[in-house]
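The chain below stands alone, shown as structure tokens; this is the form predicted on its own.
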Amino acid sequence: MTKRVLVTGATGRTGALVLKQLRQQSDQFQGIGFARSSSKVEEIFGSTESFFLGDITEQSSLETALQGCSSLVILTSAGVKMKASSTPGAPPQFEYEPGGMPETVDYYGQKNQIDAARKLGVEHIVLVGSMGGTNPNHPLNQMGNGKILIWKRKAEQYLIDSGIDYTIIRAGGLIDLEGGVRELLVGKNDTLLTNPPDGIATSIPRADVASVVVQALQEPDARNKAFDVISKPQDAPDAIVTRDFAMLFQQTTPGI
């Protein structure tokens, strides 16, 4: 029997990759998308078939979309943009869309999704977040005064406390490069960020994050784990391309 999986934030750059990978494995998964914009869905996927349109701040639309789902993948995140400036040479300023602050999207929006999943009997939630959440003074928290990593971390703890099986994936800096050709590294509490092995860049291709998500839906060792993940450079001399995801997840641990 195929697993019905809802992917929220499915028109984002990483969310779209997750949904496409799920649909490529149609013998195992029935990938369902959730997004706000029908035009964006059509632009990326060609049609709105197997999509639900709604808002993560509205509990009823989430409950409708989650009917019959065994798993939920949360890839929603507040989006910051640069403010227009009339002063040449002024340092850049950032802002969020009205109603799109991290508190609303990354905490209450994710809390809504978790609550709806618990009400509908969803068995497993995979939440994709960001590294850097242990540092309140991280530059991402300063952008638009949104404290985005703080709100993300709070939502992660809410998921852990919900009683639903969880997998929390805190990705390093996301890059748009080919997946499946690098060695992935996992860690905890931003140790990979503050002390990266061999001084490598703390980044990871979006396609590799998508693969980690899809594998987490299948591997028992990914359940009730939270971890950071980056990749070695493709040309790293000692790199061994990650293919054994069960072994990768065995290196991860429970709790925030």
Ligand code: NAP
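Note that the structure is a prediction, hence the values are computed from the model and not measured. All residue numbers are counted from 1 along the displayed sequence.
Another form exists, predicted together with the ligand; not displayed. Remarks below refer to it.
Asker: So which stretch, 88-96, 115-123, 159-167, 173-181, is the one near the ligand in the predicted bound form (non-hydrogen atoms, 4.5 Å)?
Answerer: In the other structure, the partner sits against 173-181.
Asker: Within 4.5 Å of the ligand in the predicted bound form, heavy atoms considered, which of Leu193, Ile32, Ala226, Ile56?
Answerer: Flagged contact: Ile56.
Asker: Please check if Leu72 has a heavy atom lying within 4.5 Å of any heavy atom of the ligand in the predicted bound form.
Answerer: No, Leu72 is distant from the partner.
Asker: Are any of the heavy atoms in Gly129 no more than 4.5 Å from a heavy atom of the ligand in the predicted bound form?
Answerer: Yes.
Asker: Does Thr76 reach the ligand in the predicted bound form if we count a contact as any heavy atom within 4.5 Å?
Answerer: The answer is yes: Thr76 has a heavy atom within 4.5 Å of the ligand.
Asker: Verify the contact flag for Lys40: yes if a non-hydrogen atom of it lies within 4.5 Å of a non-hydrogen atom of the ligand in the predicted bound form, no if not.
Answerer: Result yes; Lys40 sits at the interface with the ligand in the predicted bound form.
Asker: With the ligand taken in the predicted bound form, which residues across 222-238 come within 4.5 angstroms through any non-hydrogen atom?
Answerer: Result: empty, none.
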